[in-house]
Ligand SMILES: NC(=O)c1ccc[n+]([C@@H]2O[C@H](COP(=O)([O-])OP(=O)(O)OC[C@H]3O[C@@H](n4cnc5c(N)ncnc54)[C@H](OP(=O)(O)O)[C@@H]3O)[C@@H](O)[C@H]2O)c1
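Next up: just one chain, as structure tokens, the form predicted on its own.
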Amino acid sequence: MFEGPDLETGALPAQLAELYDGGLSIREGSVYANFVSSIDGIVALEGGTAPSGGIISGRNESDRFVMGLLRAFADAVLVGAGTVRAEGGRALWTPEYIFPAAANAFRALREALKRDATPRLVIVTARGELNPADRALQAGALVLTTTAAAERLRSALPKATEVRAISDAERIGVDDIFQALQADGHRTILTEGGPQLFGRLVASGRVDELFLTVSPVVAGQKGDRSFGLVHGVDFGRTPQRSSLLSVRRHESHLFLRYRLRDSVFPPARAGEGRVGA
């Protein structure tokens, strides 16, 4: 429906290009986010404990395809522990898990990008509240945590998962997260939330682009039972501005892409750059 004049597009494997209706390019070294939202701006239900993305999107196949495509570009997928808990232990954060019909094409794209076979799942948790039986932890992930939680997690989590203490404090700084990612050679980072982690990344000026699916549902909210795209960070009278890069549509779902403008970001307020999930 719309593409900005300065939007760079790259060639995709034939199946992906057909499903996406065109090309897509993600700049190397960028940090980009992907969320699905209701019409009234809700991305997390039941205080962030529900598998909200699937509920809000209605498990829409086009949304699931875009999730897989964006994962296929990434060196690592960065999520908070609350996002992992909300999925109930079943999910994997890989392209082929979310959209298996394009598994071979995702693999071809990653080979063309000289990526590893799958993106590394990186989980941020200050308190260390993770279930060792979760499928994603059994498959292997990198858990970034505090010194206080690290020893307990190392003894509890599967050997396939690496636990790394990156903070001596009770909370984890955004800079600490990115130093750990860069140390492992992860440069192109996709974050899928949740709203608290995303808010702190935006407040720290770390997010370059946002891919937002708007689902044709109204979720409603009461108290703290539902969250918007950003939770726990208040930008007050200096809202974060962005520029629209593209609009796609499948039936009643809209697929929006924004560039976040670092030049208008105010300095993060006290505590906004630290993560305590």
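Residue numbers here begin at 1 and follow the sequence given. Note that this is a predicted model, so its numbers are computed, not measured.
One more form of this protein should be noted, the form predicted together with the ligand, which is absent from this view; the next part is about it.
Contact annotation for V247: none of its heavy atoms lies within 4.5 Å of the ligand in the predicted complex. Residue contact with the ligand in the predicted complex: I39 places no heavy atom within 4.5 Å of it. Using a 4.5 angstroms limit between non-hydrogen atoms, L92 is distant from the ligand in the predicted complex. Contact between R127 and the ligand in the predicted complex is found at the 4.5 Å heavy atom cutoff. Residues with any non-hydrogen atom within 4.5 angstroms of the ligand in the predicted complex fall in just one of 25-33, 238-246, 216-224, 49-57: 49-57. Contacts between stretch 197-212 and the ligand, counted in the predicted complex as any heavy atom lying within 4.5 Å, involve L197, R200, listed in sequence order.
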